[in-house]
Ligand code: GLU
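The chain below stands alone and is given in structure tokens; this is the form predicted on its own.
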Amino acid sequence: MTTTRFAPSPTGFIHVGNLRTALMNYLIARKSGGTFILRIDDTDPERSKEEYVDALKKDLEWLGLHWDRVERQSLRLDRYADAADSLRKIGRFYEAFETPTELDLKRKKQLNMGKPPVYDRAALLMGDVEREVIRAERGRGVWRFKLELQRIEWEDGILGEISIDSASVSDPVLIRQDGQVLYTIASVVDDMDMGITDVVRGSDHVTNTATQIQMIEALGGIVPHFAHHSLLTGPQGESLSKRLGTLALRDLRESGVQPMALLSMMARLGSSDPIELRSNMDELISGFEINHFGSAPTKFDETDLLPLTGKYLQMLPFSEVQDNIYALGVPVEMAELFWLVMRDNIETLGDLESWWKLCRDGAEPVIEEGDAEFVAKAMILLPDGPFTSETWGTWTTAVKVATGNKGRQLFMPLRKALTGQTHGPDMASFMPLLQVVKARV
């Protein structure tokens, strides 16, 4: 059975970059009838916060990305310790004691010599006595996984054939000096134990994948299918790293972005398939193909979400939004008409408030100097309310006869006088909602 996972660290609010990873793994699992696991990477007790766990669950539920079960890495520390012992027994795990300053000096020396800045494995040359002496001086060291010096190859679901020379990669640190287990080994052990068959993550993890493949093989596990999606950039190709805090899912939700608008974009962004609004999750699932995605950096512009949100809202019946309408104070007898007229003129549900204020209180008229006399004559001919769907046609016909104005010279000055805007709903439909006309005064 296909099993995928989304493994966020609860150290902040998840953003669009996280969503891309979560959605791809979710769609793969659902398309094959498999299992989607939410795995909380909370091995860092200082930075991991329960409030972020609650927040990321709320974000995923808002989007409809429902997980089959939750796993927490903080509850599996014994299992990681067992895996570390197994690596020690087969000679693939060793303790190293260099300080950050010493490692930095080694890297600089290697770079000056034109060599890759790879850890030199000096710790492997230490004898037991020397190791005990330095441990007494400095305390515990870090634990590194000893890579086999060979090429690591796999067929990536997005990038195609990948081949990395492990000699160009430092032996990764798996356990810090303070004993904290790091992502690299925790993820490997979890993927093995939980039967993860497919892993989709960002292209910044390609080197991690190479080392993890060797770790999985050393521990006797089955290597999953890996796919590495491109990283998001801004609309001009700029890095999003400094802006991701402003692109948190909770902020997009509060701005009025609709879930299907966001999902429709993220399920196709960076692929050869066009971005088209989908009305439900089943449509996204059936059309998803991981091999349609490319390796080039993918431009993301959050402003593109608003037109998609507007299109989605246009499809909604009154029953889906009636609570939002009533909350504005729209009378029950007028509420459904208000929605049917306004839904084509909004990008988010929040836009409804200004339209209702216009209907209820009237708009400040916009009257060009050359139109003042014409508008004044027209207002005299405007019948008393309440208005109906026939009012606009009857009124403009009378105004045309009285003034001789026609076409745009007739309709645009009257629209601006009534609504204060040059665009908006069809005026025949809008008039029954208009309760106050300030241009009369």
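Note that residue numbering follows the sequence shown and begins at 1. The shown structure was predicted, so the numbers you read here are calculated from the model rather than taken from an experiment.
One more form of this protein exists, namely the form predicted together with glutamic acid; it is left out here, but the text below deals with it.
Student: Report the stretch among 181 to 189, 344 to 352, 271 to 279, 313 to 321 that approaches glutamic acid in the model of the complex to within 4.5 Å, counting heavy atoms only.
Tutor: In short, 181 to 189.
Student: Here the chain is shown alone; which of 92, 205, 253, 107 has a heavy atom within 4.5 Å of glutamic acid in the model of the complex?
Tutor: Exactly one listed residue reaches within 4.5 Å, namely 205.
Student: I'd like to check something about residue 30: if you look in the model of the complex, is any of its heavy atoms closer than or equal to 4.5 Å to a heavy atom of glutamic acid?
Tutor: No - in the model of the complex, heavy atoms of residue 30 and glutamic acid never come within 4.5 Å of each other.
Student: Report yes if any heavy atom of residue 76 sits within 4.5 Å of a heavy atom of glutamic acid in the model of the complex; otherwise report no.
Tutor: Judged by the heavy-atom cut-off of 4.5 Å, residue 76 is well away from glutamic acid in the model of the complex.
Student: May I ask you to state whether residue 59 is within 4.5 Å of glutamic acid in the model of the complex, using heavy atom distances?
Tutor: Output for residue 59 is no: heavy atoms all beyond 4.5 Å of glutamic acid.
Student: Quick one: is residue 7 in contact with glutamic acid in the model of the complex, heavy atoms, 4.5 Å cut-off?
Tutor: Taking the distances in the model of the complex, the answer for residue 7 is yes, it comes within 4.5 Å of glutamic acid.
Student: Between 22 to 41 and glutamic acid in the model of the complex, list the residues on our side with a heavy atom within 4.5 Å.
Tutor: Going through 22 to 41 in order - heavy atoms within 4.5 Å of glutamic acid in the model of the complex - the hits are 39, 41.
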